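Just one chain is shown here, as structure tokens, and it is the form predicted alone.
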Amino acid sequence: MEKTIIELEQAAQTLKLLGDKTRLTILGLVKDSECCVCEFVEVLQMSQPSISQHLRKLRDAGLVKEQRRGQWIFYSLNREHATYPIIQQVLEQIPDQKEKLTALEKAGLRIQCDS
């Protein structure tokens, strides 16, 4: 794997964003799958406007991608971002968030869409 040098300012900005528990959890949730705002609301037990603010910061920094499907916007981790190696290392050190999505699915609250 080719090693790239990440600009210090960009690395600092990414680490600052990862320093927030909510944003770190969101990135953990989208590490392996896509999620929509309503799923984050259920998992994190936070208001939709609050979740949207966190997603806006992550999106503006380029750490997450969004894709509209009908009325839903799905978010996923941007694996092409220059600081993805940092994000990947951090996510490997925290508890896996998959069980939260599994619980959501069992409760019938996971959004199913046509891909």
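Since this is a predicted model, take the numbers as computed values, not measurements. Residues carry their position along the shown sequence, with the first being 1.
Keep in mind that the form predicted in complex with the DNA is missing from the display, and what follows is about it.
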**OP:** Note which of Cys36, Val90, Ala61, Leu44 lies within 4.5 Å of the DNA in the model of the complex, where distance is taken over heavy atoms; exactly one does.
**Re:** Cys36
Original post:
Taking heavy atoms and a 4.5 Å cut-off, does Gln53 contact the DNA in the model of the complex?
Top reply: yes
**OP:** Please run the contact check for Ile73 against the DNA in the model of the complex: heavy atoms, 4.5 angstroms, yes or no?
**Re:** yes
Subject >> 4.5 angstroms heavy atom contact with the DNA in the model of the complex for Thr22 >> reply: yes
Original post:
Do Lys57 and the DNA come within 4.5 Å of each other in the model of the complex, heavy atoms counted?
Top reply: yes
Original post:
Judged by heavy atoms and a 4.5 Å cut-off, are Lys16, Pro49 and Arg68 together in contact with the DNA in the model of the complex?
Top reply: yes
